[in-house]
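Okay, here we've got a single chain as structure tokens, the form predicted alone, with questions on binding and movement later.
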Amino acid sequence: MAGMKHGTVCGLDIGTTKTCAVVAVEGPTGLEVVGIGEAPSLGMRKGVVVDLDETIKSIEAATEQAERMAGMRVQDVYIGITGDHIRCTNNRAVVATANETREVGEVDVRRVVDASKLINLSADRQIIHALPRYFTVDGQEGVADPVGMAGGRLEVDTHIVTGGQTFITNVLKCVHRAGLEAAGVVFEPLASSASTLMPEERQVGAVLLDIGGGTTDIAVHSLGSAIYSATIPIGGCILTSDVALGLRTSHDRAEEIKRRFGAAVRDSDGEETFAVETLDGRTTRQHSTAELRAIVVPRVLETLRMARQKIVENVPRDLVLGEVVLTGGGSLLPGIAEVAEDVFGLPVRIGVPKHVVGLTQTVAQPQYATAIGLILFGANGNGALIETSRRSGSLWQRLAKFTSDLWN
């Protein structure tokens, strides 16, 4: 199993506001979370490294905390990647089965997925994922796992995610300098989807929005797999800045007010007033929740509408979507689900990580969706392998088991 040393797997979510490390072990009932660590992240902006030293510091602090709680050292980690440099496309490839018995083997599956990776890429970009959406055997579409089926012609439809090499290299550099090995990298909304969505939801059609500090990540699923994923460079931090400017107060106090009163549904009954410290901290001023809403709601609407616009432009019109799942720290904003229901015209729920045991109270919170998703990806041998590991040969063989339970 990739990244599993003595059955251990570690996920590292290096965010714009915080870095989160999760350590899990293979237990009798599946993955069991045994350690979690968090540290403020000061070296990232909108998912991209802007300060190497600060980023290394936050990786070390979060990992150390998780290791202490778990009572073990970790070396291989699955890393979440996001940012405006990420692009996605869907591609198709076809191969003739190599077997005389005209039976599809694992080698054929590998060959056809590799063939689907042949896309035009500029020199500064690399493929992070080539996730099989479905296979077609001799014209029979919609096959989830073709191994063992009779057929002479194997086709695959894959969802391909690419990223800027420089940005990925910088993240990997920080991880390496923090004394860790990259077992693989995963585009963050795919990780969040793995931890928060049920297989039925991915089948029926769901939009996942992971609202982080610096970015809002999108993953649209249908018929069991991702068909579109993207990143918008707007997140919760900009909302806090808006509140700080609008109410003329400090960033920390603005964050506190935002978390407490949030986007509260627009036509809420009783208006509340609250005291806000001025910037110099000497006096306070009274503000109402109506004033706060006037600042927060337009920005939340703008972000959600941008996400909706991206989906409308990139997802086939006839695709049926059943619901929207909001996750990430930004989904904790009071009243955001109702605002999202207005924008998307679909039922909205807040997604918390599932599919793991251990520390359940602690980790069952939206802000841990990505980190938990990374360990699920890792345990299933589904992280994209970037050739940085000294053990890349054996890791690659293990990672080739991409037809995992998670995505098929």
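These numbers come from a predicted model, not from an experiment. The first residue of the sequence shown is number 1, and the count goes up from there.
Not on display, but discussed next: the form predicted together with a small molecule.
So which of G214, G163, G184, P132 reaches within 4.5 angstroms of the small molecule in the predicted complex, heavy atom to heavy atom?
-> Checking each option against the small molecule in the predicted complex, the one that comes within 4.5 Å is G214.
Of E323, D242, D76, E255, which one comes within 4.5 Å of the small molecule in the predicted complex, counting heavy atoms only?
-> In short, E255.
In the predicted complex, G330 touching the small molecule (heavy atom, 4.5 Å) = Answer yes; at least one heavy atom of G330 falls within 4.5 Å of the small molecule in the predicted complex.
Please run the contact check for T55 against the small molecule in the predicted complex: heavy atoms, 4.5 angstroms, yes or no?
-> Outside the cut-off, so no.
Would Q367 show up as a contact with the small molecule in the predicted complex if we use heavy atoms at 4.5 Å?
-> Flag for Q367 set to yes.
Contact test in the predicted complex: P146 vs the small molecule, heavy atoms, 4.5 Å = Residue-level check for P146: no, no contact with the small molecule.
304-312, 93-101, 106-114, 230-238: which one contacts the small molecule in the predicted complex at 4.5 Å, heavy atom to heavy atom?
-> Partner-contacting stretch among the options: 230-238.
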